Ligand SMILES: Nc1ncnc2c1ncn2[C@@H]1O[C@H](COP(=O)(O)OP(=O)(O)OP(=O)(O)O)[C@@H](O)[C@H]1O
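Next comes just one chain, in structure tokens: the form predicted alone.
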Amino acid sequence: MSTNLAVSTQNLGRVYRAKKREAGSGKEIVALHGVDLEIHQGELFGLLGPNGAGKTTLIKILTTLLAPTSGEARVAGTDVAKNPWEVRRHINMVSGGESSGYGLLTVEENLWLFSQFYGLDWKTARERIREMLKIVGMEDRAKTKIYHLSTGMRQKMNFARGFITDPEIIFLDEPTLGLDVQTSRVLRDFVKNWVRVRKNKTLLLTTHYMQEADELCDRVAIIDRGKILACDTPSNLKRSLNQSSVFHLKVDSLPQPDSQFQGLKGIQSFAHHQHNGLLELSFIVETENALMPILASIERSKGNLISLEKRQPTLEDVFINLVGRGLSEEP
């Protein structure tokens, strides 16, 4: 492995077997299949994929919580399967929505306890706890017991916990999930500056927010059904669709949006979702000529077109083009 790689995997695989009590017991479920990935020191790297794509399995392997079935994974130059304790000295992890901490302890006491697991001295631990509580807006909650905190407050405490140890490599799994807009913006700014100021620090981010990945990440990997489909900078990924036309339509309703446009020529990919009582449709087409059959199909189905917009490709369009559905859609 190159010395400037924080994370690398080679032909990494993970297979599960269905439990005996489940239907189809003994059947193999492939969560990861031949994953090759390189993340450089100092990178803010994004991992995007729909539910069940393999993101969580990959993160668990890289953080030594799960053993790979095949292939190899190295973090901070160390094989995660052969020497997990050494890997843990260099990393930390924050998962959005996780429930952690001891309820009878205060926020400050929980963070102090965690800092001692990593051997931080008294002065350093106190300084970092104060700094991180200020960043997440919880200075006034330092003496509050955990069981009095809301879910959002707990999540902010978990975020603070992840950075107190000043890890070489940190894994953020949906860190802003469920947080309010202002708090999410503050945490995004902190994450961006944390990597930029600390040149040799590395951050791997998984998120359901495409704009977050586009704004923060140096490079992004898109994963689906256990395979990496693409890996590049957000700008290069969007540039790959420059020869296509991207249209966003809003209609009041359609009886069968999943099958409505099958067979129409010129459609590269299509996704839809409900938002504010309207059906929003996203089309990536080879040429603008493909738009007329789409509109005709909507009219035949008695759908009322509310708006139509042509726009520049976004990271979400790239995702839809590769995966064949939106990030929040079921496979």
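As the structure is a computational prediction, the values presented were derived from the model and not from experiment. For every residue, the number given is its place in the sequence shown, counted from 1.
Another form exists, predicted together with this ligand; not displayed. Remarks below refer to it.
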Which of 301-309, 286-294, 260-268, 49-57 lies within 4.5 Å of this ligand in the predicted bound form, heavy atoms considered? The stretch 49-57
Review point. So, in the predicted bound form, is I29 in contact with this ligand at a 4.5 angstroms heavy atom limit?
Key: yes
query = H248 near this ligand in the predicted bound form, any heavy atom under 4.5 Å?
reply = no
Applying a 4.5 Å heavy atom distance criterion, does H208 contact this ligand in the predicted bound form? yes
Just checking whether E174 would be counted as a contact of this ligand in the predicted bound form - the rule being heavy atoms within 4.5 angstroms. yes
